[in-house]
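Before any questions on binding or motion, here is one chain by itself as structure tokens, the form predicted alone.
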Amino acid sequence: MEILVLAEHRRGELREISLEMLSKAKEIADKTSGEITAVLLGQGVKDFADTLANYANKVLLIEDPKLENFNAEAYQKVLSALIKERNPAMVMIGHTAFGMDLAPALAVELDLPLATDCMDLEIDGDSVFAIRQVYSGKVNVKVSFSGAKKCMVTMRASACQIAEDMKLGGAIETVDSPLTEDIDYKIFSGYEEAAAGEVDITQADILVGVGRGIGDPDNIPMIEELAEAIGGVVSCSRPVVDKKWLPKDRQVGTSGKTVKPKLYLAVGISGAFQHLAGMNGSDLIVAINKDPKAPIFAAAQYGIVADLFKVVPALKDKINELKGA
């Protein structure tokens, strides 16, 4: 059983989703006696291949000036040819802006069953099952592929942990690009920078998440001061966005972003399952809530049952005191 994983890179950086998928592929390969093949498309990306070799039994490197920047049409032509030749049992692609543009058309061309936005994959006997959410994240379902021998999945970013000890030492094989002509009906024109002041909460090591318990938008600066003190970024639950207290790009949860920081400090967040699904991969979760029965405490390693308006200022002052010392 071969598992083909498409590595994703952007603006000179290998995306973490690539290593997350390869780590999950290793779990599946161990249970099926399978092998992992990473596919790397681009131009001047050999260094990425060296990194991927630790996480795969083989790295297929295809370099072509036409692949320097992502273009779903070009990627589809290359991957289609590769998949037809190798006939892998599973193809894994990130559920990112790139993957959502690429995977559906590729699956249709190859007549492969496709499960999108998967949170996990499971093996039961000889069958692969995808775990994904339906009804706006209210229900997790275990999806089968109706006995299909081959399938394709897109994996949600930050849903899988990156294995720290993978040293597979896979061979790097250079493959000739099948592209013979430029694709002029769909071109890459450039990246649009985020507006000044916006942040990518998915890349933050420390997040201070705020929920409806903050009570009033005038109290947001208090949370921002705490985040600044600990070197973090402010995020929030959906009610805060619905009330327009913080922008949508700060929302954590099934209808927001999935995050995996080293520290997630949840302030005034009750812990609805939609929110927990977006942050339960955090290395350390600390919760502050006056309700001892709040679901957030079931996910947290440390909890403070108290009034956040007393705890947050005291915590900020103590952190600043320690930093000064």
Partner chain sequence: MDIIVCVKRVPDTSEADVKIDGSGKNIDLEDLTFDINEWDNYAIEEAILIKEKVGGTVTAITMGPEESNEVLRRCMAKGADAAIRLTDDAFEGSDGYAIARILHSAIKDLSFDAVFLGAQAGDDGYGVVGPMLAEMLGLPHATLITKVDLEDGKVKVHRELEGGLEEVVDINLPAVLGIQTGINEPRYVSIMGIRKVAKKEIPVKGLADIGLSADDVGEAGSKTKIECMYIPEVGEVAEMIEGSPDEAAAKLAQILKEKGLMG
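Here the structure is a predicted model, which means the values were calculated and not measured. What we label the rigid core is the largest C-alpha set whose atoms superpose within 1.5 Å from one form to the other. Positions refer to the first chain, counted from 1.
FYI, the form predicted in complex with the partner chain isn't displayed, but the following is about it.
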Original post:
Only one of 161-169, 83-91, 174-182, 68-76 gets a heavy atom within 4.5 Å of the partner chain in the model of the complex; which is it?
Top reply: 68-76
**OP:** State yes only if every one of 19, 149 and 204 has a non-hydrogen atom within 4.5 Å of the partner chain in the model of the complex; otherwise state no.
**Re:** no
**OP:** Decide whether residue 132 counts as a contact residue for the partner chain in the model of the complex under a heavy atom distance cut-off of 4.5 Å.
**Re:** yes
Original post:
Counting only non-hydrogen atoms and a 4.5 angstroms cut-off, does residue 96 reach the partner chain in the model of the complex?
Top reply: yes
Original post:
Would residue 220 sit within 4.5 Å of the partner chain in the model of the complex, counting heavy atoms only?
Top reply: no
**OP:** Find out whether any non-hydrogen atom of residue 143 is located within 4.5 angstroms of the partner chain in the model of the complex, and reply yes or no.
**Re:** yes
**OP:** Once the core is aligned, please say if the CA of residue 77 is shifted by at least 2 angstroms between the shown form and the other one.
**Re:** no
**OP:** Determine, after fitting the two forms on their core, whether residue 217 shows a C-alpha shift of 2 Å or more between the shown form and the other one.
**Re:** yes
Original post:
Cα of residue 160 displaced 2 Å or more between the shown form and the other one, core superposed?
Top reply: no
Original post:
Between residue 101 and residue 255, does the Cα distance in the model of the complex come out closer or farther than in this form, changing by 3 Å or more?
Top reply: closer
**OP:** Compare the CA separation of residue 123 and residue 257 in the model of the complex with the one in the displayed structure, and answer closer or farther (the difference is at least 3 Å).
**Re:** farther
